[in-house]
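Only one chain is given next, in structure tokens, and it is the form predicted on its own.
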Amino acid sequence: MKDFAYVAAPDVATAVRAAADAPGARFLAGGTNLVDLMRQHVERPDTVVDISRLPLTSVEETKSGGLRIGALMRNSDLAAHPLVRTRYPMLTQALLAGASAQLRNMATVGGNLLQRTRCPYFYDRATPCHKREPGTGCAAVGGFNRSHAILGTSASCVATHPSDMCVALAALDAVVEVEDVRGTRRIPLADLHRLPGDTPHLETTLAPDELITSVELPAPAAAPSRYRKVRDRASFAFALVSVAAALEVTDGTVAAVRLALGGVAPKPWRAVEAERVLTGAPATEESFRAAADAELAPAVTLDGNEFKVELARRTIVATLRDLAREGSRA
């Protein structure tokens, strides 16, 4: 780990000013991702701005019936919050599916939004990686790529976004609020993360000195919801495929659906094509399969991850089938 300047920010204004004054600075919250990357010399900031003591840890109801979640809320606390558990069970399930209990006790909402890929080539400085060092290549394309992406990739990068929480937030139409020295702006979660294209090192639409201060959820829909994660082992493993879904069925027809996928793309993947196919269709396994097929049609596979297409298809269908049955019993 290289030497760096350290700033302990007492308030948001100080934090964003310190970042603006030190190009390349990094904000430190729980440190569960940043510190690891610094130890590996993948992240080499000259300045670290510690925001862990800022008063951004509350969950508040909004006038529209939603929730505003402070960016420094710990993942374990958010998962256990009564308003989240009762109104947004999909989010609680996603949070509990992510990492270990010890990491959830440290990790923050804002940090979870910004965590970087767990692609082994990104961490391995002996191998080429466009995301780590632009212009060097992508070792995963011809290497071990079983866990890599099948949607939204490019020749420059096939890494997946690692967050479980973000998949649920994508399905819930969350909005991220950020602040810098110029003021405050709101970013729909769907617009926060970038696809790699030719610039995989640019992972979000944030300016370097913008600080995430909160996440806002709209009022919950009156529909059964679920987060389903398929992984190699039952605990502390990243998703091969995950599905966050909410399904409202009226008289046997899909009245509304929200669907997002994890483990298959460089960003939380909102399945807009599947939603389009399903809305107004019969709530049957045939419709669910047709929607999954439509969403996965553009998939581009590598030698080691072809199985993800069928795995994603089956996971989407199984999740929607379970929600349809749950809705019919309600």
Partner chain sequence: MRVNGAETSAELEPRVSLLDALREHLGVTGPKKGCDQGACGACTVLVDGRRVVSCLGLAVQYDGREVTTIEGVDHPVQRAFVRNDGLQCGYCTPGQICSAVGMLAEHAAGEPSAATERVTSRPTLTEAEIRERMSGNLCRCGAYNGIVAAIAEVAG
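Predicted, not measured: the structure shown is a model, and the values here were computed from it. Residue numbers count along the first chain shown, from 1.
Omitted here: the form predicted in complex with the partner chain. The next part is about that form.
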| request: Could you tell me which one of Thr136, Thr250, Thr205, Gln102 places a heavy atom within 4.5 Å of the partner chain in the model of the complex? | output: Gln102
| Which residue among Thr301, Thr32, Thr47, Thr57 has a heavy atom within 4.5 angstroms of the partner chain in the model of the complex? | Thr32
| message | Residue-level question: is Thr92 within 4.5 Å of the partner chain in the model of the complex, judged on heavy atoms? | response | yes
| task | Answer for Ser76 alone: is it within 4.5 Å of the partner chain in the model of the complex, judged on heavy atom distances? | result | yes
| request: Indicate whether the partner chain has at least one heavy atom within 4.5 Å of a heavy atom of Ala294 in the model of the complex. | output: no
| field | Residue contact check: Ala281 to the partner chain in the model of the complex, 4.5 Å heavy atom | value | no
| task | Please determine, with the chain shown alone, which of 102 to 110, 148 to 156, 197 to 205, 184 to 192 has non-hydrogen atoms within 4.5 Å of the partner chain in the model of the complex. | result | 102 to 110
| Even though the partner chain is not shown here, does it sit in the model of the complex so that Leu28, Gln40 and Arg53 each have a heavy atom within 4.5 Å? | yes
| field | Residues in 1 to 28 with any heavy atom within 4.5 Å of the partner chain in the model of the complex | value | Met1, Lys2, Asp3, Phe4, Tyr6, Leu28
